[in-house]
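As a starting point, one isolated chain is supplied in structure tokens, in the form predicted alone.
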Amino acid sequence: MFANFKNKLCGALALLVMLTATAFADDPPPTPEELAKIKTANAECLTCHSEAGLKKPPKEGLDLKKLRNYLVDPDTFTASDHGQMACSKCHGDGYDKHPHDAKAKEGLSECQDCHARKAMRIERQFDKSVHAEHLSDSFTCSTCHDPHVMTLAAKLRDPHKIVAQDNKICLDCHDSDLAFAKIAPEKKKRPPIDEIHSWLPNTRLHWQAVRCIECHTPTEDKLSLSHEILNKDKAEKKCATCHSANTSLNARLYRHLAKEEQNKYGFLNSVILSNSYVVGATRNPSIDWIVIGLFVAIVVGVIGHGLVRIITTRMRRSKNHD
């Protein structure tokens, strides 16, 4: 009986947290007046936590070596998903003192405080990921997602920017001995990333054009990305998954431009063709106009040639008649 009561209580608390967090997540954007106050308050934090604050400390006695690890780029933060939030929304108790309380981090808000519904779905996916197999105790949202930097792909829109942002997350760890050692200290050596991907032609160029998660997450559901990160044995290795007429890239990496392209041109492949070679994806506005131009030029050339022949023939006959 106690176990049933405990389960119901836990379920009720989880529902309450989810509803509360959903309410926070669904808060309307700040009014211009509120936004002005937020910017003023955040600017006070950034007088220290920025490159400018590091070069010209506004306060005496700051531990500049420690401060260097907690710098935020004001422009990047403003453009990020949390750019219209007050720093105090997450950095609450303990952060209003200078220097901050030694235990201030203990009161730092967690991502699920606002993103409970999403966190529950992501947690189920993450539990099946390769990261959970080895790093479940040390892995958190902020291990990959810097809340001062991250921007939704729908806001970035440009596939090159999306790839650069998302792949930086993976490569900052998997392409750095120092970073890898911090996250996985029990592993003596970082797996040789170039050697593991030796099967992939022009590996580094691929990393500039597509995200690691295109191959290292399940591809069954093309409309959403999963936090179930697959290891090298389960990762996608079929070139046709991306290099085909019905490429998954349209539904994943390019999905934020695909709808606009569909409405404008009536087909979906021109965006991808502008960036990469895809077998079967031949519809491109530029190519279409070039083909139309060549066709018109040929027709005009044939008609022009016929007219010249008619005119010269008549002139010849007229000259012979004279």
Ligand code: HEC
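Keep in mind it's a predicted model, so treat the numbers as computed, not measured. Heads up: residue numbers just count along the shown sequence, starting at 1.
Keep in mind the form predicted together with the named molecule is missing from the figure; the text below concerns it.
Chemist: Consider Arg117 of the chain shown here, and say whether it contacts the named molecule in the model of the complex, taking contact as heavy atoms within 4.5 Å.
Modeler: Arg117 lies outside the contact set for the named molecule.
Chemist: With heavy atoms only and a cut-off of 4.5 Å, decide whether Pro218 touches the named molecule in the model of the complex.
Modeler: It does not: once the named molecule is placed as it appears in the model of the complex, Pro218 has no heavy atom within 4.5 Å of it.
Chemist: Is Glu51 close enough to touch the named molecule in the model of the complex, meaning at least one heavy atom pair within 4.5 Å?
Modeler: Glu51: no contact with the named molecule in the model of the complex.
Chemist: According to a 4.5 angstroms non-hydrogen atom cut-off, is Lys37 in contact with the named molecule in the model of the complex?
Modeler: No - in the model of the complex, heavy atoms of Lys37 and the named molecule never come within 4.5 Å of each other.
Chemist: Let me know which residues along 63-87 have a heavy atom within 4.5 Å of the named molecule in the model of the complex, or say none if there are none.
Modeler: Sequence-ordered list: Asp63, Lys66, Leu67, Asn69, Tyr70, Val72, Phe77, Asp81, His82, Met85, Ala86, Cys87.
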